Ligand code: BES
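Given next, in structure tokens, is a single chain: the form predicted alone.
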Amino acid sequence: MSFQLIEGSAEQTIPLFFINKKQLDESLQESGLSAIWMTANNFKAGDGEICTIPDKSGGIDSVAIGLGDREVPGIWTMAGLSHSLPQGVYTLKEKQTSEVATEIALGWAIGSYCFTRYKQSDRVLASLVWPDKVDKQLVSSLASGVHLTRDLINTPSNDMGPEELATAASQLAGEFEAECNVIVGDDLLQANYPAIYEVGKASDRAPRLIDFRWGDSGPKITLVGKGVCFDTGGLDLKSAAGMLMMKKDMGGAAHVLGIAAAIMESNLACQLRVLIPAVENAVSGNAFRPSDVIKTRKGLTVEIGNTDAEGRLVLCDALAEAVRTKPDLIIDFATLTGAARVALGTDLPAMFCNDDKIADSLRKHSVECDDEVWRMPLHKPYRKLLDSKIADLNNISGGPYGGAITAALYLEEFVGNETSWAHFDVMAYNTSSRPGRPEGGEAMGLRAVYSMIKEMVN
């Protein structure tokens, strides 16, 4: 992918320069032609705000980019400019540090995203000459991961069922010479993945477990992603409004594939494993029912309090398998609960972790990457809310509160305390558009997790 970033070109380029509010005030006092033009266009130098400054022939002489109160641009400062600037080739007027130049290029690359599988556009986006001192490998790896995650989530369920998700994973594994195995349909029972089978058996699109491995040295990192390719809610049927965005219920799977893509493209020295339970939670005569008791890979029995709490059921089998190989770290991503959105809104992923050191590192990297996550508690007294009178536990809690916490506590039952584990409960979707972050599928926490793993292996 080019990401609308190009090598130095013989074409005439248009310079971009940065200006914050303080500098704008000073510029206005000098009353140069640029200052007069910016004043006439009511330019306030807000973060990411732009003002095109004309030359004498009516073309573009340069473009001012506001920084707000910042001293240097952040990742989102220029993220929308490939779409909002007129077609052309742009370049940075001033030299930047390697760190800042990389942030600028990464923001531009992520912001160049377009989902065009079903609706093509003739519009040619603006391009940026690669700034000096950029870590091109980092930019390419992370932008590739984000674009892949968005593409998978945005693809509607008729073209992104369990089989298509497995194909996407297999293609990614093949690109980087990884080993990929897929267990399908009734073979899940033979291989002892009963919970995955139970959730997916009602669909005519067979459930499956996707398992790929890459790398033979360094820390053992296992990524687990919820791959519910469409969620009707099962027999506890969702409303029409509740089903409207359920193509994104495989957002956890999309995230771990995006992270895997970034890790493999960067060739990070780790032993990577990706596990994705891929199912469709459908309605038919053989659908699992409320009050059923099902078995799990770990051997625990689960009473079904609600068929719409299916994500944790497929994840628990995958997590039990992840623990078996004793990795150094397990990270799972899932569009798991509405309760996490109530607590933190749609933009901020909830992160649960059984290892304070890992949790602190994830939080630190999320702030540094401007990809924030927020730690939530694995509050042990709430575990009793998952008690069942006839099984080892229920798949939902016995009350209306703390739903994100009780869901995480359910998953913890299948991980235990011996393996470091982090769980991300994500929206995986932008409900409205912002520069560089269009409405639709979104990678949340991906860059933070990549950054932490990169630090682990170095």
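Start at 1 and count along the sequence shown; that's the residue number. Note that the structure is a prediction, hence the values are computed from the model and not measured.
What follows is about the form predicted together with the named molecule, which we do not show.
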{"query": "Contact residue in the predicted bound form, from L378, A126, L138, M246 (heavy atom within 4.5 Å of the named molecule)", "finding": "M246"}
{"query": "Proximity to the named molecule in the predicted bound form, single hit among R150, R297, R208, R312 (heavy atom within 4.5 Å)", "finding": "R312"}
{"query": "The named molecule contact in the predicted bound form: N158, any heavy atom under 4.5 Å", "finding": "no"}
{"query": "Touches the named molecule in the predicted bound form: N306 (any heavy atom, 4.5 Å)", "finding": "yes"}
{"query": "Residue contact check: G338 to the named molecule in the predicted bound form, 4.5 Å heavy atom", "finding": "yes"}
{"query": "Interface membership of E103, the named molecule in the predicted bound form, 4.5 Å heavy atom rule", "finding": "no"}
{"query": "All of V224, E442 and R447 with a heavy atom within 4.5 Å of the named molecule in the predicted bound form", "finding": "no"}
{"query": "Which of 246-254, 118-126, 88-96, 262-270 lines the interface with the named molecule in the predicted bound form (heavy atom within 4.5 Å)", "finding": "246-254"}
{"query": "Residues within stretch 214-242 having a non-hydrogen atom within 4.5 Å of the named molecule in the predicted bound form", "finding": "K226, D231, K238"}
